[in-house]
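For reference, the chain that follows is the form predicted alone, supplied as structure tokens.
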């Protein structure tokens, strides 16, 4: 099933907006994580971790889910298909953990935000978690960069399912 041109433009616009928003939210989260880890002013550190909790719940989580949903709609409504091309399949395989891991880590992020809201954090407080938040945000940004590169370059390569579907379509059109 392919989309009408108007619906395709709408779905593509929604997918690009949510994906770029997700990327931007993760980049902002990384900036806050680095500032929270490195800054000497305890009030700035508190503000960073409180803002990280809000950014996670109200930007990263909803935008990541919306990006996945719009990506699935785009793949099912276009000739690219969900599992016909390797680049689409790789994006799906990369996106699922990129969504699941932040969801799993929202509890420690909320714990850090709650601790920051309750008291001033010293540089030694929750230091392992602070470093972990920087590493997670950096890794997430890298995954999103690779997904973006795949979307823009669309490297060739059919999956076995894609080959079979293409062969079936050619056979049906010759009859």
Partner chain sequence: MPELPPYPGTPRWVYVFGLIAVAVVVVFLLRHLTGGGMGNHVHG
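None of these values were measured; they are calculated from a predicted model. Residue numbers count along the first chain shown, from 1.
Just so it is clear, the following notes concern the form predicted in complex with its partner chain, a form of the same protein that is not shown.
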(request) Check each of 133, 32, 140, 60 and return the one that places a heavy atom within 4.5 angstroms of its partner chain in the predicted bound form. (result) 133
(request) Heavy atom within 4.5 Å of its partner chain in the predicted bound form: which of 65, 129, 44, 145 fits that? Just give me the one. (result) 129
(request) Classify residue 159 as contacting or not contacting its partner chain in the predicted bound form by the rule of any non-hydrogen atom within 4.5 angstroms, answering yes or no. (result) yes
(message) Does any part of residue 164 reach within 4.5 Å of its partner chain in the predicted bound form? Heavy atoms only, please.
(response) yes
(request) Flag residue 92 as yes or no: does it have a non-hydrogen atom within 4.5 angstroms of any non-hydrogen atom of its partner chain in the predicted bound form? (result) no
(message) With a cut-off of 4.5 Å between heavy atoms, is residue 118 one of the residues that contacts its partner chain in the predicted bound form?
(response) no
(request) Select from 57-87 the residues with a non-hydrogen atom within 4.5 Å of its partner chain in the predicted bound form and write them out in sequence order. (result) 86, 87
